[in-house]
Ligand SMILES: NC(=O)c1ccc[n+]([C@@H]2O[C@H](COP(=O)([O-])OP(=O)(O)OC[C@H]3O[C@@H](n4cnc5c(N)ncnc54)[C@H](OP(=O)(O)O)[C@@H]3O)[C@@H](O)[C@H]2O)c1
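Given next, in structure tokens, is a single chain: the form predicted on its own.
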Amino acid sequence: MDSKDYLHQLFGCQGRKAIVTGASSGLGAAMARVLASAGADLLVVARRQERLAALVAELAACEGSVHAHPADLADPAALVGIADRARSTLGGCDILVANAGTADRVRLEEMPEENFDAVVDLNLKVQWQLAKALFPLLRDSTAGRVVNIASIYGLGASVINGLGAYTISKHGLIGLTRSQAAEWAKHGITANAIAPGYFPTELTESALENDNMNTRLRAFTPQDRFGRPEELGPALLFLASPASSYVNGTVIPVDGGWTAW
């Protein structure tokens, strides 16, 4: 076997059926590009239909097919709809990349309960509900992969005041990941999480464009820069591919050394 075939067997996703949520921009779109380039057939999910259509057009030349599915994950009926669409369009689901999330920068002592609930619901409760809806398909895969996109703030407190609810939700998401790993391993499903540091996305735009905040955040990053979206791809491809068949319940920080302090 030559080296190309060896790497193909380890990291290729040909014929694998994947769902990526929050795929209309930023890290979600970058992760969709990685999986489609590796040969997976994708269902890309987000609220903004025009962004999804542009992504589908962009990835038309990739080996894997890409299908748009506009949906608001805050709507419980949408979660069942995603599972139904995966079944009818892809023929199943082997890989779930749970990337959709939100943040609301309000200090804990000032945050209204409804704002707290909205952050925790989308970042944690909905991720459980979506994986639950897709569980029969992941089980039928016999090599199912759940990749939850957490955060460095799932491993420690935020260095920015006002991200308490987000931090709490991401800690919970890592707990969900480990629980999925323990309970679903007997069904051939692995569950792992990626904990990104700061990458330029719509969610981080206001912080990164503020000179004082930018300087503060880079001070916590040994590499003294923010990540590029494509730098998240290798970790995702590893966790989604056959190479990670015995990796279960782990969290991989991709953070320029942030969590090394």
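From 1 onward, residues are counted along the sequence shown. Since we're looking at a predicted model, the values are computed, not measured.
Absent from the display: the form predicted in complex with the ligand. The rest refers to it.
- Taking A131, A86, A100, L163 one by one, only a single residue has any non-hydrogen atom within 4.5 Å of the ligand in the model of the complex, and it is A100.
- Within 4.5 Å of the ligand in the model of the complex, a heavy atom is found for none of L10, G39 and V146.
- With the ligand omitted here, the record of contacts in the model of the complex names 163-171 of 88-96, 163-171, 105-113, 182-190, defined by a heavy atom within 4.5 Å.
- Although the partner is absent here, A74 lies within 4.5 Å of the ligand in the model of the complex, judged by heavy atoms.
- In the model of the complex, the ligand sits within 4.5 Å of a heavy atom belonging to E202.
- The shortest heavy atom separation between G233 and the ligand in the model of the complex exceeds 4.5 Å.
- A23 belongs to the set of residues with a heavy atom inside 4.5 Å of the ligand in the model of the complex.
- Contacts with the ligand in the model of the complex, taken as any heavy atom within 4.5 Å, map within 146-161 to I149, A150, S151.
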